[in-house]
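Next up: a single chain in structure tokens, the form predicted on its own.
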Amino acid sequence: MDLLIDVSTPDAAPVLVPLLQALHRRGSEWAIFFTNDGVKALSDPQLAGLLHLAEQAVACEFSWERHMGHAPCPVTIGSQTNHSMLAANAARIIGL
């Protein structure tokens, strides 16, 4: 996998949308992990519409429950173990 994107801020969507579109145009393989209040970025419909392009899109279960309650999560619910597996398979990691 070319890139893992860690999202830990709810303000990430305006940066993520053009980044994910560029990664798709380039044919890059990427995954994304949402944690802390970065899970709130998943409420952006434009961002959520791009996540099917990811190899994996995971939200931290604890963070989701803490910040979004019982709302349905649009991506896979996971843990820091999932994050560790994604990081181990990524050539590069960026954080937003």
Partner chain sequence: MSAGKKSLLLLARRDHTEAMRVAAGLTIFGHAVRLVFMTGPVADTAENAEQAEMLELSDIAPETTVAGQDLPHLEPGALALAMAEADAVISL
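Residue numbers count along the first chain shown, from 1. Fair warning: this is a prediction, and the values are worked out from it, not measured in the lab.
What follows is about the form predicted in complex with its partner chain, which we do not show.
- Within this chain, Pro10 lines the site of its partner chain in the predicted bound form, having a heavy atom no more than 4.5 Å away.
- With a 4.5 Å cutoff on heavy atoms, Ala22 does not count as touching its partner chain in the predicted bound form; it lies far away.
- In the predicted bound form, none of the heavy atoms of Ile77 sits within 4.5 Å of a heavy atom of its partner chain.
- Contact check for Ala54: no non-hydrogen atom falls within 4.5 Å of its partner chain in the predicted bound form.
- Shown without its partner, the chain has Cys60, Phe62, Ser63, Arg66 in segment 41-75 as residues with a non-hydrogen atom within 4.5 angstroms of its partner chain in the predicted bound form.
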